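A single chain, nothing else alongside it, follows as structure tokens in the form predicted on its own.
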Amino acid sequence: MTERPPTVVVNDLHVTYRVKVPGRGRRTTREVPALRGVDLVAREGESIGVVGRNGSGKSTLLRSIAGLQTPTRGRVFADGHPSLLSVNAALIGDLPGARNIVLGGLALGLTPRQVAAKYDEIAEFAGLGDFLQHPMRTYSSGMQARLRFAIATAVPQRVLLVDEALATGDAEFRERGEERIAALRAQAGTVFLVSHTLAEIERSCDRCVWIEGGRVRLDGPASTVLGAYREVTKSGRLGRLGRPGRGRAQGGGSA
């Protein structure tokens, strides 16, 4: 079988943050490694879940793929312009949702005419009704996430990066979001999904990458990786694991 073309290649990616910490009478700078030599290849039509504890490097990986985080060392290659959809993405809170749909569509590269043609579809998918006429600062986090997801997925994306954006929606919205992710994959797109809800990754992803301590601990079929991750988190052995990145689940696609 012909191997599908790659859409993202991450090669020996290191990201180190410099943070200021209180010292004796003055602040000192300390280096905090977030990613340590991450390698992976994503291909057309893949939906890749990313799991790991808080602070393991998941969001830093997505920001690096999106081009929002400069690597300290290593390189990231992407086909097109990966789109990062995050719960914490900036919103124009004083503008109503309806106006944000227009601005979001223009930011995706649509013409004003194309935005007008897509408007009803986006509004219906978000399911906010009359709230679209209210300022977005009055929305709950779930409502904001629904509108953001509806805008970002209105145009087929070559690479879509989803960071907990479905977690704040209700069950019906999460189901529709998963269906839209499946449709995107069917159009040869690639989706990265960061979520602490493992069942969501099981339903939406065929592959999973487990990051621990800034390194890839396991990369392979979602069922295999999630099974190993559940086993370790249930036993409380995460803090006693050896050096990450030694093994790969069979069938993984990392480089």
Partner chain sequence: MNDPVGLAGTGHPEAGPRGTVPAASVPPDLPGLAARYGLAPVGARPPLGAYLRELWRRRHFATALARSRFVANSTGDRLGMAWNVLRPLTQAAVYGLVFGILFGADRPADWVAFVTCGVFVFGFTSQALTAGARAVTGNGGLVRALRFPRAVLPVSVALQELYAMLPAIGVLAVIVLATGEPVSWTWLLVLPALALQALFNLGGGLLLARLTADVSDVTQLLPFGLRTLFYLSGVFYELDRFPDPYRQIMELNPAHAFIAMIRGAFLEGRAPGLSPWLVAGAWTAVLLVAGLIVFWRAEERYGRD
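Numbering follows the first chain given and starts at 1. Keep in mind that this is a model prediction, so the values were computed, not measured.
Form predicted in complex with its partner chain: not shown, discussed below.
In the model of the complex, no residue of the candidate spot (145, 162 and 194) has a heavy atom lying within 4.5 Å of its partner chain. Of the candidate stretches 194-202, 49-57, 28-36, 215-223, only 215-223 contains residues with a heavy atom within 4.5 Å of its partner chain in the model of the complex.
Think of it this way: in the model of the complex, its partner chain has a heavy atom of just one of 171, 116, 107, 183 within 4.5 Å, and the residue is 107. Taking the partner from elsewhere, residue 99 is found to have a heavy atom lying within 4.5 Å of its partner chain in the model of the complex.
Interface residue remark: residue 103 is counted as part of the site for its partner chain in the model of the complex, having a heavy atom within 4.5 Å.
Put simply, residue 73 is far from its partner chain in the model of the complex: not one heavy atom of it is within 4.5 Å. In the model of the complex, its partner chain stays beyond 4.5 Å of every heavy atom belonging to residue 178.
Within 4.5 angstroms of its partner chain in the model of the complex, the stretch 57-79 places a non-hydrogen atom from each of 63, 64, 65, 66, 67, 68, 69, 70, 75, 76, 77, 78, 79, taken in sequence order.
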